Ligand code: HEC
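The chain that follows stands alone, in the form predicted alone, written as structure tokens.
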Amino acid sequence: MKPFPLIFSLLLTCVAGLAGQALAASQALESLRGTEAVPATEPPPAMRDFINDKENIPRTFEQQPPLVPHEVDKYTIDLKQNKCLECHMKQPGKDKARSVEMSEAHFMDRNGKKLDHPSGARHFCNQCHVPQVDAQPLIGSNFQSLPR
């Protein structure tokens, strides 16, 4: 096979591609939104304080995981460490008023076997336990807790 036709076809392809890019750049771009302007945004809501750390937050339904009444943004929870365990792990002689201890369910594996340490499935606390702030709901709701 002669190299001339191959080189010529590659060169022709490059020139066509460059011509297409130049044509696209010369046309005005249009937004998918059309001509509608972006509306002015509201300022972000004010930062809220977390609920009092010394009180438990009432639960609103059966089997609801306890809510966290304090900030957890700076807590390290990864494969090697879990800051939550420093206060919430059951320890003999620990000050009971300091924090709520983890339930027995956190010390069971998936087969129901009792462990002497928290189950690996329960290591990432913030999957179920979420912090709460003292703020009004963003939208109205007619939700009512079940009577206890």
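One rule holds for the numbers: they count along the sequence shown, beginning at 1. No experiment lies behind these values; they were computed from the predicted model shown.
The next section is about a form of this same protein that is not shown, the form predicted together with the named molecule.
Visitor: Does the named molecule, in the predicted bound form, lie within 4.5 angstroms of each residue among 63, 69 and 102, using heavy atoms as the measure?
Guide: All three within 4.5 Å in the predicted bound form.
Visitor: With the partner left out of view, is residue 128 within 4.5 angstroms of the named molecule in the predicted bound form by any non-hydrogen atom?
Guide: Yes - in the predicted bound form, heavy atoms of residue 128 and the named molecule come within 4.5 Å of each other.
Visitor: Whether residue 38 contacts the named molecule in the predicted bound form should be assessed with a 4.5 Å heavy atom distance threshold; does it?
Guide: No.
Visitor: Hey, in the predicted bound form, is residue 56 touching the named molecule, heavy atoms inside 4.5 Å?
Guide: Contact check for residue 56: yes, within 4.5 Å of the named molecule in the predicted bound form.
Visitor: Look up in the predicted bound form whether residue 123 has a non-hydrogen atom within 4.5 angstroms of the named molecule, and give yes or no.
Guide: Answer yes; at least one heavy atom of residue 123 falls within 4.5 Å of the named molecule in the predicted bound form.
Visitor: Heavy atoms within 4.5 Å of the named molecule in the predicted bound form is the criterion; list the residues of 70-88 that meet it.
Guide: Result: 70, 72, 75, 77, 82, 83, 84, 85, 87, 88.
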